[in-house]
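The chain that follows stands alone, in the form predicted on its own, written as structure tokens.
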Amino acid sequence: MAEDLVLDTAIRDWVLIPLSVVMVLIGILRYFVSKLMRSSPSPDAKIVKEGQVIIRARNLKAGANFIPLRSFRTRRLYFSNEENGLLHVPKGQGTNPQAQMFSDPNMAMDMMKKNLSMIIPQTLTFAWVNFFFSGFVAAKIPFPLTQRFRSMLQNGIDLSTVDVSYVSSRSWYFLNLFGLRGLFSLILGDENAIDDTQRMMQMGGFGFDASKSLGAEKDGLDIIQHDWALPRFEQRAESVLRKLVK
């Protein structure tokens, strides 16, 4: 049977609160450091043009049923023509994002700066937490949990008799590491609330693959079925007027 523990208030004052405050301050400091290290490269005209073409193709798919069939087919042919369509990418001419990154030193340097701004602070913070606060039971969740949460909430505590709802200091560090996005969005703004989960996902990214995006939009336009909605609008308006007259 799981044992109930009585947590000392000193743990709250000297472990839980300082750890939470330090994690918030480190997140804010890391944001301003990454902002200072961020470069503003000039946009590539080709990438901007391809992005605008993708937006126009998506607008055509969204409003396909609000234009006549002939107009829709003309616009679709303009985008998806196999000879000179805007969405057609000839074989062998697609850009390799990975090769583009290695050929552009600025892109590789920006990616390295982003990774360093995440790895270095979190490595030092984890070493600090592991050295000073290892082995503490810092908090208790006010609702019961299953045994599957034990490895997540009690990292660093090898006691199977402790109830799962108790949180160790090391697990509290990880909960703050991945759970402060909402607080950062209030402090720094929505566009600046990039948490570490997204940063880890961005570490494996190599840029924008325009050929795949253009091909996906071309396939979407080819399979779309046109169903003009204007006649239904007239019938719907007529039925509404008849109901009002009655």
Partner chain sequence: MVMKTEERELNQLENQVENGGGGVWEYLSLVRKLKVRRSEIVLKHGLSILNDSGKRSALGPDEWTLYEQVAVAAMNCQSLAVAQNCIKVLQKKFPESKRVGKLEALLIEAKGMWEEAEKAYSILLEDNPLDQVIHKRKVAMAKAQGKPSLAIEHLNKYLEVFMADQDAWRELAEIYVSLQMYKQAAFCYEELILSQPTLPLYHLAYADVLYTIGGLENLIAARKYYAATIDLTGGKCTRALLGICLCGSAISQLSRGRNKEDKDMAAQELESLAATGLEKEYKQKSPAKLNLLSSALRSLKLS
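Because the structure is predicted, anything quoted here is derived from the model rather than measured. Residue numbers count along the first chain shown, from 1.
Unshown form predicted in complex with its partner chain; subsequent notes refer to it.
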(request) Only one of Leu60, Ile26, Leu214, Leu180 comes within 4.5 Å of its partner chain in the predicted bound form by heavy atoms, so just point that one out. (result) Leu60
(request) Decide whether Arg75 counts as a contact residue for its partner chain in the predicted bound form under a heavy atom distance cut-off of 4.5 Å. (result) yes
(message) My question is simply whether Trp14 lines the interface with its partner chain in the predicted bound form - judged by any non-hydrogen atom within 4.5 Å.
(response) no
(request) State yes or no: in the predicted bound form, is some non-hydrogen atom of Gln52 no more than 4.5 angstroms from a non-hydrogen atom of its partner chain? (result) yes
(message) I'd like to know if Phe32 sits close to its partner chain in the predicted bound form, meaning any non-hydrogen atom pair within 4.5 angstroms.
(response) no
(request) For the heavy atom contacts within 4.5 Å of its partner chain in the predicted bound form, list the residues of 230 to 246 involved, in sequence order. (result) Leu230, Pro231, Phe233, Glu234, Gln235, Arg236, Ala237, Glu238, Val240, Leu241, Arg242, Leu244, Val245, Lys246
